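Just one chain is shown here, as C-alpha coordinates, and it is the form predicted on its own.
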(Lines give C-alpha, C1' and ligand atoms only; values in the text may rest on other atoms or scores of the structure.)
Protein backbone atom coordinates (compact mmCIF):
# COMPACT_ATOMS: atom_id res chain seq x y z
CA UNK A 1 0.00 0.00 0.00
CA UNK A 2 1.45 3.35 -0.98
CA UNK A 3 1.54 6.31 1.37
CA UNK A 4 -1.14 8.15 -0.62
CA UNK A 5 -3.54 5.17 -0.30
CA UNK A 6 -3.34 5.50 3.48
CA UNK A 7 -4.83 9.00 3.23
CA UNK A 8 -8.56 8.96 4.07
CA UNK A 9 -10.55 8.86 0.86
CA UNK A 10 -7.48 8.66 -1.40
CA UNK A 11 -8.30 5.36 -3.06
CA UNK A 12 -11.95 6.32 -3.47
CA UNK A 13 -11.04 9.74 -4.88
CA UNK A 14 -8.74 8.23 -7.51
CA UNK A 15 -11.28 5.55 -8.45
CA UNK A 16 -14.14 8.06 -8.77
CA UNK A 17 -12.02 10.40 -10.87
CA UNK A 18 -11.10 7.49 -13.14
CA UNK A 19 -14.78 6.57 -13.63
CA UNK A 20 -15.38 10.18 -14.69
CA UNK A 21 -12.40 10.06 -17.11
CA UNK A 22 -10.46 12.52 -14.92
CA UNK A 23 -12.60 15.23 -16.51
CA UNK A 24 -12.30 18.50 -14.55
CA UNK A 25 -15.77 19.57 -15.72
CA UNK A 26 -17.12 16.66 -13.63
CA UNK A 27 -15.75 18.05 -10.35
CA UNK A 28 -19.18 18.54 -8.75
CA UNK A 29 -20.30 15.04 -9.65
CA UNK A 30 -17.01 13.60 -8.39
CA UNK A 31 -17.37 15.46 -5.08
CA UNK A 32 -20.94 14.18 -4.67
CA UNK A 33 -19.80 10.63 -5.46
CA UNK A 34 -16.93 10.89 -2.97
CA UNK A 35 -19.21 12.22 -0.25
CA UNK A 36 -21.69 9.41 -0.82
CA UNK A 37 -18.96 6.80 -0.73
CA UNK A 38 -16.85 8.17 2.16
CA UNK A 39 -19.47 10.22 4.03
CA UNK A 40 -17.61 13.49 3.64
CA UNK A 41 -14.86 15.14 1.59
CA UNK A 42 -11.66 14.49 3.54
CA UNK A 43 -9.34 17.49 3.38
CA UNK A 44 -6.51 15.14 2.48
CA UNK A 45 -8.37 14.17 -0.70
CA UNK A 46 -8.32 17.72 -2.12
CA UNK A 47 -4.74 17.53 -3.49
CA UNK A 48 -5.46 14.05 -4.90
CA UNK A 49 -8.57 15.32 -6.69
CA UNK A 50 -6.62 18.33 -7.95
CA UNK A 51 -3.89 16.07 -9.28
CA UNK A 52 -6.31 13.67 -11.00
CA UNK A 53 -8.33 16.49 -12.58
CA UNK A 54 -5.36 18.74 -13.42
CA UNK A 55 -6.83 21.54 -11.30
CA UNK A 56 -5.23 23.60 -8.57
CA UNK A 57 -5.86 22.64 -4.95
CA UNK A 58 -7.43 26.10 -4.52
CA UNK A 59 -9.95 25.39 -7.29
CA UNK A 60 -11.03 22.11 -5.70
CA UNK A 61 -11.08 23.54 -2.17
CA UNK A 62 -13.03 26.56 -3.42
CA UNK A 63 -15.81 24.33 -4.75
CA UNK A 64 -15.88 22.15 -1.63
CA UNK A 65 -16.07 25.17 0.69
CA UNK A 66 -18.58 27.10 -1.46
CA UNK A 67 -21.37 24.51 -1.45
CA UNK A 68 -22.98 23.83 1.93
CA UNK A 69 -23.92 20.29 0.92
CA UNK A 70 -20.28 19.22 1.03
CA UNK A 71 -18.99 18.21 4.45
CA UNK A 72 -15.29 18.13 5.27
CA UNK A 73 -15.87 16.20 8.51
CA UNK A 74 -17.89 13.04 9.06
CA UNK A 75 -21.53 13.87 9.75
CA UNK A 76 -24.13 12.40 12.04
CA UNK A 77 -25.76 9.11 11.05
CA UNK A 78 -29.03 11.01 10.46
CA UNK A 79 -29.21 14.50 8.96
CA UNK A 80 -32.34 16.63 9.17
CA UNK A 81 -32.52 19.71 6.98
CA UNK A 82 -35.22 22.24 7.73
CA UNK A 83 -36.01 24.87 5.13
CA UNK A 84 -35.53 28.43 6.41
CA UNK A 85 -36.56 30.27 3.22
CA UNK A 86 -39.40 32.78 3.17
CA UNK A 87 -42.32 30.46 2.37
CA UNK A 88 -41.32 27.97 5.06
CA UNK A 89 -40.59 30.70 7.60
CA UNK A 90 -44.05 32.16 7.01
CA UNK A 91 -45.52 28.72 7.74
CA UNK A 92 -43.67 28.10 11.00
CA UNK A 93 -40.23 26.74 10.09
CA UNK A 94 -38.51 28.80 12.80
CA UNK A 95 -40.80 27.49 15.53
CA UNK A 96 -40.47 23.93 14.22
CA UNK A 97 -36.69 24.25 14.23
CA UNK A 98 -36.62 25.60 17.78
CA UNK A 99 -38.91 22.83 19.05
CA UNK A 100 -36.80 20.10 17.43
CA UNK A 101 -33.52 21.58 18.67
CA UNK A 102 -34.92 21.88 22.17
CA UNK A 103 -36.29 18.32 22.13
CA UNK A 104 -32.97 16.86 20.96
CA UNK A 105 -30.91 19.19 23.18
CA UNK A 106 -28.64 20.54 20.46
CA UNK A 107 -28.08 23.64 18.39
CA UNK A 108 -27.88 23.72 14.61
CA UNK A 109 -25.13 21.52 13.14
CA UNK A 110 -24.40 19.75 16.45
CA UNK A 111 -24.79 15.98 16.68
CA UNK A 112 -27.35 14.88 19.27
CA UNK A 113 -26.92 11.90 21.58
CA UNK A 114 -29.34 10.08 19.26
CA UNK A 115 -26.97 10.67 16.31
CA UNK A 116 -29.07 13.33 14.64
CA UNK A 117 -27.89 16.67 13.31
CA UNK A 118 -30.16 19.51 12.25
CA UNK A 119 -29.04 21.82 9.47
CA UNK A 120 -30.68 24.89 7.98
CA UNK A 121 -31.28 24.88 4.24
CA UNK A 122 -32.55 27.72 2.11
CA UNK A 123 -35.06 26.05 -0.16
CA UNK A 124 -35.98 22.45 -0.71
CA UNK A 125 -38.18 23.31 -3.68
CA UNK A 126 -41.31 22.33 -1.79
CA UNK A 127 -42.74 25.79 -1.06
CA UNK A 128 -46.35 24.74 -1.76
CA UNK A 129 -46.12 22.30 1.16
CA UNK A 130 -44.30 24.59 3.60
CA UNK A 131 -42.76 24.14 6.04
CA UNK A 132 -40.51 21.59 4.38
CA UNK A 133 -37.89 19.34 5.90
CA UNK A 134 -35.66 16.56 4.63
CA UNK A 135 -34.52 13.57 6.66
CA UNK A 136 -31.65 11.67 5.05
CA UNK A 137 -32.84 12.70 1.60
CA UNK A 138 -36.55 12.01 2.19
CA UNK A 139 -38.62 15.15 1.67
CA UNK A 140 -41.38 16.00 4.16
CA UNK A 141 -44.07 18.52 3.25
CA UNK A 142 -46.16 20.34 5.85
CA UNK A 143 -43.53 19.20 8.31
CA UNK A 144 -44.32 19.12 11.99
CA UNK A 145 -42.57 17.60 14.96
CA UNK A 146 -44.39 14.28 14.71
CA UNK A 147 -43.63 13.85 11.00
CA UNK A 148 -39.96 14.69 11.50
CA UNK A 149 -39.70 12.35 14.52
CA UNK A 150 -41.30 9.54 12.49
CA UNK A 151 -38.87 10.12 9.62
CA UNK A 152 -35.93 10.13 12.04
CA UNK A 153 -37.14 6.83 13.54
CA UNK A 154 -37.49 5.36 10.05
CA UNK A 155 -34.02 6.57 9.04
CA UNK A 156 -32.53 5.04 12.18
CA UNK A 157 -33.74 1.54 11.39
Partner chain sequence: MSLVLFVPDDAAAVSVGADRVAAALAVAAEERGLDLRLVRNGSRGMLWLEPLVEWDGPDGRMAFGPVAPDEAGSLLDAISSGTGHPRALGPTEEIDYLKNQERLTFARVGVIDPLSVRDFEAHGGLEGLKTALTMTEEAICEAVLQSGLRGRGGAGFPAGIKWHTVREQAQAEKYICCNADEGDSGTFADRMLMEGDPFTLLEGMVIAGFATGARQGIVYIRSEYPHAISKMTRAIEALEEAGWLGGNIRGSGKDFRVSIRRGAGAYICGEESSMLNSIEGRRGTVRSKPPIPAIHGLFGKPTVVNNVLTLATVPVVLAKGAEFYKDFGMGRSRGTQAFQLAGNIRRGGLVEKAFGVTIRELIETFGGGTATGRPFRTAQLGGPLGAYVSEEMLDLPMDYEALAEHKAMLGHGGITVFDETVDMAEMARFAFEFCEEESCGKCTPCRIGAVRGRETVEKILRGENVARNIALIEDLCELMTDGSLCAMGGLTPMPVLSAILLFPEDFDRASALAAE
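Residue numbers count along the first chain shown, from 1. Since we're looking at a predicted model, the values are computed, not measured.
What comes next is about the form predicted together with the partner chain, which is not displayed.
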Quiz item: Non-hydrogen atoms within 4.5 angstroms of the partner chain in the predicted complex: do 32, 85 and 91 all have one?
Solution: yes
Practice problem: Determine which one of 95-103, 110-118, 38-46, 24-32 lies within 4.5 Å of the partner chain in the predicted complex, judging by heavy atom distances; exactly one does. | Solution: 24-32
Quiz item: Might residue 140 be said to contact the partner chain in the predicted complex, defining contact as any heavy atom within 4.5 Å?
Solution: yes
Practice problem: Find out whether any non-hydrogen atom of residue 11 is located within 4.5 angstroms of the partner chain in the predicted complex, and reply yes or no. | Solution: no
Quiz item: Can you check whether residue 68 is within 4.5 Å of the partner chain in the predicted complex, heavy atom basis?
Solution: yes
Quiz item: Does residue 50 reach the partner chain in the predicted complex if we count a contact as any heavy atom within 4.5 Å?
Solution: no
Quiz prompt | Residues in 124-151 with any heavy atom within 4.5 Å of the partner chain in the predicted complex | solution = 124, 125, 126, 127, 128, 129, 134, 137, 139, 140, 141, 142
